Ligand SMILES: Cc1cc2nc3c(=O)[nH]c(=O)nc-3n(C[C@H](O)[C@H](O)[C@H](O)COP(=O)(O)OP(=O)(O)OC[C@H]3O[C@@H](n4cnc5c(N)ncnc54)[C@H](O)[C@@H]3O)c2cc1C
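One chain follows as structure tokens, the form predicted on its own.
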């Protein structure tokens, strides 16, 4: 079964089906809701009108952090909650989410002197139960010794503290929850749009459309979870659902450039407006961002002004032989943050949105049987899942006890078994490169238990262990796995979300040779030419 057939079989189950819960939105909030509810025994359906994690949840900084900057506004309870959630993620996903150092260089644009930032980092460490490495204050010369790329001309000092980040991309992390929910019995389909939903007695009659075929169909659900991210307000208005919260929008962008430092560490700076921005590692690339711009709609794009601002800020703080230019930009990410505000009738324009945090809120309408998730971020995802389960129980559903098996990686024992098998077949000898993650670790991190089957395929056919696209770090066996199991409907789904190839490989490199055509053939078979044409046309339009 290829990805198209997997999706079609799930759409067929949606058509005319009756479900306990319909989840609208396949970002991080919807994905964790599906995983926890299906894992605890409910009959769950989840849809998204685009791909999984196709909007906000694919445009983050890839960080799992406790919100150090929220200390500035004395949001101690939020920082505590996020830090503990970060700790849980580190424990549950030891190969996917790892501890990461942050080196903050404080110059005269910083709102805080180094000693105060050091005091804050110590408090941050304590709030997080001392679960990361100890923070420390560092002088300009020490910053230069550890990170020669930093220009210390105007640096007063700095701090080094620790948080965590996703080794792969955010959208793949979201996909893992979707996969977990499917394995627990959920019915899931991307590229399905909600057309209408009306409540009749205790049930919702929901009209949907398969955007790939144009077919319209219906299902019945006892309750709806509105997990539409920046679009939750629009759905609630459509359903005349009154809520205590609503959304304000902030745009953030990231620029992916060649690697600026070989150290796997985040460099942090205050820009000229006294807002934090970072240089974040992404394999052999670096990610500069993010900006923070107030916007009025969920839709946003990177502008020349955005690019110029970030390049100017980073060039003035790094000691580069040649300053970065727009020609150095390999890829861009642009996303809208749905920030939670009270639904008290106050105009959004009167909100001091610069002080809004990435907290989440969950509203429950018992009579309408609607749960709405506002805001949130990847760091807080386990809390969101558990709180949604609590709200669903208030609707009268009886959930199985929470064994916490709806999230996390397989046990250390299973991992060790995989590593033994990989060692016996000398897997890491196939592609041993200095400074590059061994194949065994990479396959385990990305696929967990499913990586065992990949070892079998490589044993039977060594060609499956070969790289399929230059500089992409993806094996042919991974493409065949993606085609069968990852519900890839368009080539962009794989290139940008199940993988991060589009983020780390230049367009011209992707187009070279026959690799991209083979990727499309493996994923789509007879439809590969059409899918490849659509993908390239979209990339050309974005470049233009």
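Note that the coordinates shown come from a computational prediction; the quantities given were computed from them, not determined experimentally. Numbering follows the first chain given and starts at 1.
As for the form predicted in complex with this ligand, it is not shown, yet the points below apply to it.
**Q** Is the gap between residue 230 and this ligand in the predicted bound form 4.5 Å or less for some heavy atom pair?
**A** Close contact exists here: in the predicted bound form, residue 230 approaches this ligand to within 4.5 Å, heavy atoms only.
**Q** My question is simply whether residue 254 lines the interface with this ligand in the predicted bound form - judged by any non-hydrogen atom within 4.5 Å.
**A** Residue 254: yes, in contact with this ligand in the predicted bound form.
**Q** Indicate whether this ligand has at least one heavy atom within 4.5 Å of a heavy atom of residue 49 in the predicted bound form.
**A** Yes.
**Q** Is it the case that residue 377, even though its partner is missing from this view, gets within 4.5 Å of this ligand in the predicted bound form, heavy atoms only?
**A** Although this ligand is absent here, residue 377 would touch it in the predicted bound form, with heavy atoms inside 4.5 Å.
**Q** Only one of 142, 441, 365, 193 comes within 4.5 Å of this ligand in the predicted bound form by heavy atoms, so just point that one out.
**A** The residue in contact is 193.
**Q** Among the candidate stretches 60 to 68, 502 to 510, 471 to 479, 484 to 492, which one is within 4.5 Å of this ligand in the predicted bound form when only heavy atoms are counted?
**A** It is the stretch 60 to 68.
**Q** Counting only non-hydrogen atoms and a 4.5 Å cut-off, give the residues of 314 to 344 close to this ligand in the predicted bound form.
**A** Sequence-ordered list: 335, 336, 337, 338.
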